[in-house]
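Let's start with one chain on its own, the form predicted on its own, as structure tokens.
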């Protein structure tokens, strides 16, 4: 089974990487693909350039077997829609390969508002990363969308290519890309918030020159 983890990664940090590793191990994934956002649709554009975000992500996962960076959204000239990305992956990897799309709780809570959520469920499982024992209230449209799809067994995801929803407890670190950018602006240390390889690539905001690509 292949895991798909999309995001702006602006920049990538340990709050992304540790939960991803928890899912990778719990579901015995063959590989976990990180997909950095290309062109934002419903959010402001990332602070860092596409090239720099890609380089930081590649540096962050370089020494973890099974982790890889998929640059298809970065390379595309079209807006980044999850349903389009998954269709591209399906065309490349076949209809029978099980995919699971990793989501945080906030993203899942709004999943019913995404573009073509039912089609997404036809192409991938959803793995919702959450803190152990944390309850989640589902709004009626989302509850109707996932009715009959929720499973508590990771093995169920490997038995079909798509369509199930799993709530997976993970180690959640209260780290945000927004806070990291703020610390950069203030000239503060990022030690133990991002991998050292990422910190070496990050520019300092006091420098007004264009960010490197």
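Positions refer to the first chain, counted from 1. What you are looking at is a predicted structure, and each value in this text was computed from that prediction instead of being measured.
Missing here is the form predicted in complex with a small molecule; even so, the following discussion is about that form.
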Practice item. Give a yes or no on whether every one of 9, 13 and 103 sits within 4.5 angstroms of the small molecule in the predicted bound form by heavy atom. Key: yes
Point to revise | Interface membership of residue 177, the small molecule in the predicted bound form, 4.5 Å heavy atom rule | key: yes
Check your understanding: Given that the partner is absent here, does residue 43 sit within 4.5 Å of the small molecule in the predicted bound form, heavy atoms only?
Key -> yes
Check your understanding: So in the predicted bound form, does any heavy atom of residue 74 sit within 4.5 Å of the small molecule?
Key -> no
Check your understanding: With the partner left out of view, is residue 68 within 4.5 angstroms of the small molecule in the predicted bound form by any non-hydrogen atom?
Key -> no
Check your understanding: Just one of 142, 89, 129, 121 has a heavy atom within 4.5 Å of the small molecule in the predicted bound form. Which one?
Key -> 129
Review point. Which of 83, 107, 138, 93 has a heavy atom within 4.5 Å of the small molecule in the predicted bound form?
Key: 107
Exercise for review: With the small molecule left out here, work out from 60 to 68, 149 to 157, 178 to 186, 25 to 33 which stretch has heavy atoms within 4.5 Å of it in the predicted bound form.
Suggested key: 178 to 186
